[in-house]
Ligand SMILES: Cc1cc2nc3c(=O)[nH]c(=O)nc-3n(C[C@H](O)[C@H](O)[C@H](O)COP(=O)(O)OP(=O)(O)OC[C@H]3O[C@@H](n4cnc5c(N)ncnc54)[C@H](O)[C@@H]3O)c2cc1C
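Presented below, as structure tokens, is a lone chain in the form predicted on its own.
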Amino acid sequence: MSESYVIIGDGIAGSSAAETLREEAPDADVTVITDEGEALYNRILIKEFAKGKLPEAPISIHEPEWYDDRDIDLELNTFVTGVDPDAHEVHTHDSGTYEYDKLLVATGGTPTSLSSFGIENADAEGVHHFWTFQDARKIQENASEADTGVVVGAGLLGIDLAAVCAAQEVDAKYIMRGNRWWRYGLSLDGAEIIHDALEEKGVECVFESGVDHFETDADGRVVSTVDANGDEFDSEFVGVAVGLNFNTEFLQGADVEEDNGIVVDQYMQTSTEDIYAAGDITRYYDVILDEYAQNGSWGSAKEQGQIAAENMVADGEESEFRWVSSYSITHFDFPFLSFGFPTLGDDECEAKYSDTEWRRLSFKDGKLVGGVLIGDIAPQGNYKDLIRREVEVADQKDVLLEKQFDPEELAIPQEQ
């Protein structure tokens, strides 16, 4: 009998796994289950759609025919309620039971609502979270009609919502709890470049703040935001990006280890036999860092899906996940790119080259583990190569921070 593979989730991790499974096991049964109503789309391009810069057409990656052509069963609008690892079964709400020999969980997360922090009216009409294509449609529609707005969440997803407000000419306030945007990855020098760019686009940063509650009208629609300092801001549109809740409720009773996500090894195997996980939902063993880590980038999720599939077919430790991720922001006149793990480490260095050029590098045990590049991202390849090589270079920060960084100038022992 042919092997049966079931994938829960049709993001880039699940889809790349399905494609790899079909290539590696031409005669196997491959089923992809998703609770969304549409097949894989580009989660990067939905930002441009929400900004009003792109129509829907270029955003879809796979039409249902793509799955048909590869003999992959795609089950849309299907809600998984439980997994029985002993029986090797996936149970759904009203679509029956799916048997598997190997199972991949690639369900990602659901944006955290401020209501979980006790914020009044946090789920009112007009308060948006940005994760799915359907979210993008609602955001695009609301922002295009709104005159005023507020964005909450000083991170990589929050700035997408701020960019939407700027593109849609919404008079917006960007509320941040600390004294700068992405305070875990940037110093004030670096963050001020972003602050100035936001201000130029009509988004005002409000620091040392936070949301106290939202005011609504008689129809339950948000009309203003009151911050922790008691200041009130008109907001017909509110965008919130304060984290993700991972979609693992259906795994209760499956004995899958979790630690703010599903724990997997470098082969994408969970603690439960024949169950794998890939994508945002994983807390994986990073062989370069030599510790467990998480990463939400598109490239990382795609690679994890492929690695998981190869190991599922091999029924063992065939392929190892060894990856240096990157994440870019394209909302400004200058590029922005983070790579590796810029918020980790025990040492760092930085330099500012102009009003729109800045660089920061992070180290752990003398080795480069991540960084942020603003204005000039050309050195990224050389930096990522150093991370992959796991060489000790923290004692040569002056060379690493040279504007035209040349790795040949580094003194690296031959054995490294």
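Quick caveat: nothing in here was measured; it's all calculated off a predicted structure. Residue indices: 1-based, along the sequence shown.
Keep in mind that the form predicted together with the ligand is missing from the display, and what follows is about it.
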- Looking in the predicted bound form, is the ligand within 4.5 Å of a heavy atom from each of Leu186, Leu361 and Leu386? no
With a cut-off of 4.5 Å between heavy atoms, is Tyr98 one of the residues that contacts the ligand in the predicted bound form?
no
Practice task
Look up in the predicted bound form whether Arg43 has a non-hydrogen atom within 4.5 angstroms of the ligand, and give yes or no.
Solution key: yes
inquiry  = Using a 4.5 angstroms cut-off on non-hydrogen atoms, would Leu157 count as touching the ligand in the predicted bound form?
reply    = yes
Within a 4.5 Å heavy atom cut-off, is Ala106 in contact with the ligand in the predicted bound form?
yes
Testing 261-269, 209-217, 145-153, 296-304 against the ligand in the predicted bound form with a 4.5 Å heavy atom criterion leaves exactly one stretch, namely 296-304
Picking from Phe332, Tyr327, Trp323, Trp182, the single residue whose non-hydrogen atoms come within 4.5 angstroms of the ligand in the predicted bound form is Tyr327
Contact check, 24-39 vs the ligand in the predicted bound form, heavy atom within 4.5 Å, ordered by sequence, gives Ile33, Thr34, Asp35, Glu36
